[in-house]
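This text opens with one protein chain seen in two forms, each one given by itself as structure tokens under the names structure 1 and structure 2.
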Structure 1
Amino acid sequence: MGKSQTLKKTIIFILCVFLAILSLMPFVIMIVNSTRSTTEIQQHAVSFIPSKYFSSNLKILLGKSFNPAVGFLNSLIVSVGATVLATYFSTMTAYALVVYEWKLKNAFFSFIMAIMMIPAQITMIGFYQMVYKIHMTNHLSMLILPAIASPSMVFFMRQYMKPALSLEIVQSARIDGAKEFFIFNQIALPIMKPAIATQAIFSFVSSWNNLFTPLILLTDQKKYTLPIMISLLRGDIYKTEYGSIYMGLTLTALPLIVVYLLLSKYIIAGVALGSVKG
């Protein structure tokens, strides 16, 4: 029995290591290719040995008509702003659906579920017309404010909050004289940390990688986000500099890795807490 369990654990360990290597391989190839020339990449697309063209690729990237540093800052502003608004207000909406009793609560939740089924591309024409009429086409705020309404995040937060938040604690806080916003900010939000961290990662990644909406709303180069700038690297009709493209992709991926590393401990804590409750 002991030998079979050891063999089983060994197989699982080997499988996990293999999957980890498989997951990390695209990032390694991307980072290595950012140090290689276009000719090297065209001859051998996959390589694990860094080359000597890092500085020349960086010069090509910085020599374009746009400024990658500005794009990085714009993407950071949009992604952080959208993530904060989406997680906070989605958690607040979920709190209202779980804690309060009101007539149209079930109908409101059904409405949110129905909106989840509508693709964002369908509403983009109407959204663009509205933004154009109010003269806000080149404002980063138009990429941030719509994040307040995030149906899928509301659904996730509600499902997590129902078993996690005890209504007795809320009632006790009310009896002690605590205001509703105090209860939400000081009691509900700390309990929701694992769920908020999980959704924050998804929201940040989605906003950071978003190319479709910024490409439609932004025409001023000073407002360009990093994905737009990376897409423009392929616009040279004479030669595509693949090394600089991989350099740009590496710069784009680095903040996502940092955000995941910062928030992963909350996700692990949430999984551990769920297993203890189960």
Structure 2
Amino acid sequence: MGKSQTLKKTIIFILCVFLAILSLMPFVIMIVNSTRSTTEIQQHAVSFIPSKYFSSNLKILLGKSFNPAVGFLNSLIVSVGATVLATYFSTMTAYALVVYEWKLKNAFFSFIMAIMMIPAQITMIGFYQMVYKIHMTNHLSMLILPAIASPSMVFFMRQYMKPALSLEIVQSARIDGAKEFFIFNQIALPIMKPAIATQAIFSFVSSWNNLFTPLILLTDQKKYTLPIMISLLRGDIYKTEYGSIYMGLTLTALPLIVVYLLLSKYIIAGVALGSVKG
């Protein structure tokens, strides 16, 4: 028993190490190659020793319409905006579903569950035509405002709020003369902080990584978000500049990797939490 158990454990451990290497390897190659010259990469595409072409790769990259600073800033505006709106208004909608008794409440909740799974991407033609008609195609607000209606986040917030927020607290605040809106902002929101933090991370990441919607709405280079910038690397202008392509990829992936590793504890816990509640 003991021997076969140890053997099993060893096999599992080796498999896990293999998968871990598989997760890391592409990014390691990417980061190292971003410091190597195109000639070096052509001779040996895999190396674990960084070279000294970091700045020249960067120069070539930035010389050709690739402007990660602009993309970074636009992505930041969109992601922060969408995340703030989504978390605030989803909590507010959940509050309406948990705290108040109203006639259409159950119907509204069923409705939210019904539309939760429908991806925005599938009705993009109508969305694009609507935005085009009102001449808002190059406005980042069109990527931010739809976040106010995030059905799956409302669902999550409601499931979290139900046991977390006691109606007695709301009641006693009312007796103290607090207005409903004040109670929501000053009492409900702080109680919801852990749920908001979890959802904020995922909202931010999905907004940050979104390619489809910005690709369709944004035609002005000054408005490009980071994923569109990345898609430029696939274009002909970088065809033979391997070092610069890796540099561009590294610039977009490395910040995410660093932030992820710093917050990994919360992110992993958040994924697990989402599944239990959902």
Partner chain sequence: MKKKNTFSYARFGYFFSLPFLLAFLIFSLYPTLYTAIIGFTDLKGIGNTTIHFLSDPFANYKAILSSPTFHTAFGNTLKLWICNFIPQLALALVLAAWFTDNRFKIPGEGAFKVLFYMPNIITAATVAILFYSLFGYPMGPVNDLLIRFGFLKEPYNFLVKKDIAQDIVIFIQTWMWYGYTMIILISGILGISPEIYEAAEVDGANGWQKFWFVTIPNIKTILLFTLVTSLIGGLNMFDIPRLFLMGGPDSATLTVGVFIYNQAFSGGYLYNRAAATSMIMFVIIVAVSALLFYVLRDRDEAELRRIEKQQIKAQRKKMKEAKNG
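What you see is a predicted model; the values in this text were computed from it and never measured. One-based numbering along structure 1's sequence throughout. Rigid core (definition): largest C-alpha set, two forms, superposition within 1.5 Å.
- The form predicted on its own appears here as structure 1; structure 2 is the other form of the chain.
- When two forms of a protein are overlaid on their rigid core, residues whose CA moves 2 Å or more are considered shifted, and residue 212 is not one of them between structure 1 and structure 2.
- Relative to the superposed rigid core, the position of the CA of residue 228 differs between structure 1 and structure 2 by less than 2 Å.
- Its Cα shifted by 8.6 Å between structure 1 and structure 2, residue 19 is reported here after superposition on the rigid core.
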